[in-house]
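The chain below stands alone, shown as C-alpha cells; this is the form predicted alone.
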C-alpha cells in the first residue's frame, strides 16, 4: 500500500520514502502523513486516483472504499486505474517494449493482459495453461511485469520462463498515468475493485 499527493505534475509526497509508514496497513495514517509532510489540507484535494487491481484483495478493497468515501464527502472525481496500466507503463518506460502483465488470482488462476503503446489488451482471468501459452507467445518480443513463476518442464524447447521486471509502479509512474486519465476526461464518481467475483470484461 502507498499514497502520494501531487499538485499538477509535481509530486509533493510519496509514502514509499517515509520510513515511519513501512509495513503499515492504515490508509488514514498514510493520508495524514501526506498532508503533514506537504503542508496541504484535505480541502486542497481536487481529485482522487486509486489502483483498483488486480492485486491484493484486502488492500485493493480498502483503498477503493477510502477513495470512494473521500470523493463522496468532498464531491470530487474518483478515478480508478487498472494495476496493469500502472506496472505496464512503469516497465515500458525502461524497456521500451510491450509488457505482459500477470498476477495470481484464486488458485490455480491468473489475471493477465498486454500493455502496449499506452493501452491494455487481452485482459483475462485464466487458468495456468492459458497464461503459460500467453507467456510463450510473447516471451521474445515483450517485457514481463507482475508476479508469477512456473515449474520448468524437463527438456522444454521453449527455454526458461521469463522473469518479471517489476510487480509495482513508482509513484512517479502512477502520477503520469493518473494525469493522462484526468486530462482525457476519464472522470468518475465511484470505482470498483477488480476481483474474481466480478465479471472480467475484455478491454
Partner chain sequence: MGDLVLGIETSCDDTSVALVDTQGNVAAIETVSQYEIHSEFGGVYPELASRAHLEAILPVIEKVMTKAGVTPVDLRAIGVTRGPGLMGSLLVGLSTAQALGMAWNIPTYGVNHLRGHIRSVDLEEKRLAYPALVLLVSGGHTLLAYLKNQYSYELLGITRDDSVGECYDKVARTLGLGMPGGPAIDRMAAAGTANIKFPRPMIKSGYEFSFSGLKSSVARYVETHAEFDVKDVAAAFVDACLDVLSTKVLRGINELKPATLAVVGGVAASPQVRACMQNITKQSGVTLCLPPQKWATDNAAMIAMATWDYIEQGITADLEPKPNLKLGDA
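Numbering follows the first chain given and starts at 1. Please read all numbers here as calculations on a predicted model, not as lab measurements.
As for the form predicted in complex with its partner chain, it is not shown, yet the points below apply to it.
Proximity of residue 142 to its partner chain in the model of the complex falls outside the 4.5 Å heavy atom cutoff. Its partner chain is not shown here, and in the model of the complex it never comes within 4.5 Å of any heavy atom of residue 119. Proximity of residue 69 to its partner chain in the model of the complex falls within the 4.5 Å heavy atom cutoff.
Remark: residue 182 does not count among the residues lining its partner chain in the model of the complex, judged by a heavy atom distance of 4.5 Å or less. Remark: none of the three candidate residues (131, 137 and 163) comes within 4.5 Å of its partner chain in the model of the complex, counting heavy atoms only. The partner is absent here; in the model of the complex, the one residue of 177, 171, 50, 31 having a heavy atom within 4.5 Å of its partner chain is 31. In the model of the complex, 61, 62, 64, 65, 66, 68, 69, 70, 72, 73, 74 are the residues of 59-76 with at least one heavy atom within 4.5 Å of its partner chain, listed from first to last.
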